[in-house]
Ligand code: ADP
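Below you will find one chain, with nothing else, as structure tokens; this is the form predicted alone, and questions on how it binds or moves follow later.
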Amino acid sequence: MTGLTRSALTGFAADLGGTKTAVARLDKGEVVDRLVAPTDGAADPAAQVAVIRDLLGQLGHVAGAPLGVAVAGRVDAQGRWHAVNHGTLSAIRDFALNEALVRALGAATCLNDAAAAALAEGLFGAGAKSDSFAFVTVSTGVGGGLVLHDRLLSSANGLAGHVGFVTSRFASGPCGSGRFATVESIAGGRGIAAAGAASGRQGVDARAVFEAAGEGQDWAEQIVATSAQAIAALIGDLTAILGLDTVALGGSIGLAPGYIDRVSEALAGEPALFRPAVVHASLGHDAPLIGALASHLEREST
């Protein structure tokens, strides 16, 4: 995508996540108007598209206006939408998302939300000066995207960039992906909550575990440290495969106070060759919106 500048990003974008759906109007790369609504995780895909359409209409979108749509889950090369964790979006199963968006809204491009964020960060944010960049989001789950020489790494099945499904030596339990012992199962919010329950603290969520760790409680400190160690090991593995020079952490956990320091401390145990620069993602909740529109404009230009 060499040559696409942020100032060229004028149009609309949507970001459908497990808890909220955001839509935005962008002008010259900046979000100038935004609406947010709760996501109904049990709604069927047609209803999810209808919510996006109605919200965009409130921002002045007209059929055919440039539009990029980022969604939680896997989006394959045919624009079909598949949930990778049915506990988040329970009704999403092999839905022709791109076709539905075109029928409802005119021209549109869809992709995974973490991939969209990775593209934005890689081109215009924390990875703008990187040749081999990874974005890793650590929140309820663990996701990401890979931007190599200014191009988002993609695959026909839409799985490329789902880095949380890599196995981890720190994990042993099941993952929502159907795999076992993955990074997501130990490092993400669901995994942290499960570790808290396994320690005898029933009903705690990731936020409560982090608060307890901040108070110096050993059980919580160990859980948070293990999460950071799993992410550090993932960074080392990705660097061995892709020769990364920069990794940006995002997500509610990835951006939590002190978390990046824990990851960097754990990564210090790796040989220097496997230690890329680890930085905070810089575009915040705008990243999936910016990346989705950038993906659409790049597709339209080819």
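The shown structure was predicted, so the numbers you read here are calculated from the model rather than taken from an experiment. The first residue of the shown sequence is 1; numbering continues from there.
Just so you know, the form predicted together with the named molecule exists too; it's not on screen, but the next bit is about it.
Enquirer: From the list Val31, Leu267, Ala256, Leu56, which entry has a heavy atom within 4.5 Å of the named molecule in the predicted complex?
Expert: None of the others qualify; the residue that does is Ala256.
Enquirer: Name the single residue among Ala232, Ile186, Leu97, Ala206 that comes within 4.5 Å of the named molecule in the predicted complex, judging by heavy atoms.
Expert: So the residue touching the named molecule in the predicted complex, by this definition, is Ala206.
Enquirer: Flag Gly17 as yes or no: does it have a non-hydrogen atom within 4.5 angstroms of any non-hydrogen atom of the named molecule in the predicted complex?
Expert: Yes, Gly17 lies within 4.5 Å of the named molecule in the predicted complex.
Enquirer: Mark Thr140 yes when one of its heavy atoms lies within 4.5 Å of a heavy atom of the named molecule in the predicted complex, and no otherwise.
Expert: Yes - in the predicted complex, heavy atoms of Thr140 and the named molecule come within 4.5 Å of each other.
Enquirer: With heavy atoms only and a cut-off of 4.5 Å, decide whether Gly251 touches the named molecule in the predicted complex.
Expert: So Gly251 counts as contacting the named molecule.
Enquirer: Using a 4.5 Å heavy atom cut-off, state whether Phe210 contacts the named molecule in the predicted complex.
Expert: Yes, Phe210 is a contact residue.
Enquirer: Where does the named molecule sit in the predicted complex: which of 166-174, 214-222, 99-107, 198-206, heavy atoms within 4.5 Å?
Expert: One stretch meets the cut-off, namely 198-206.
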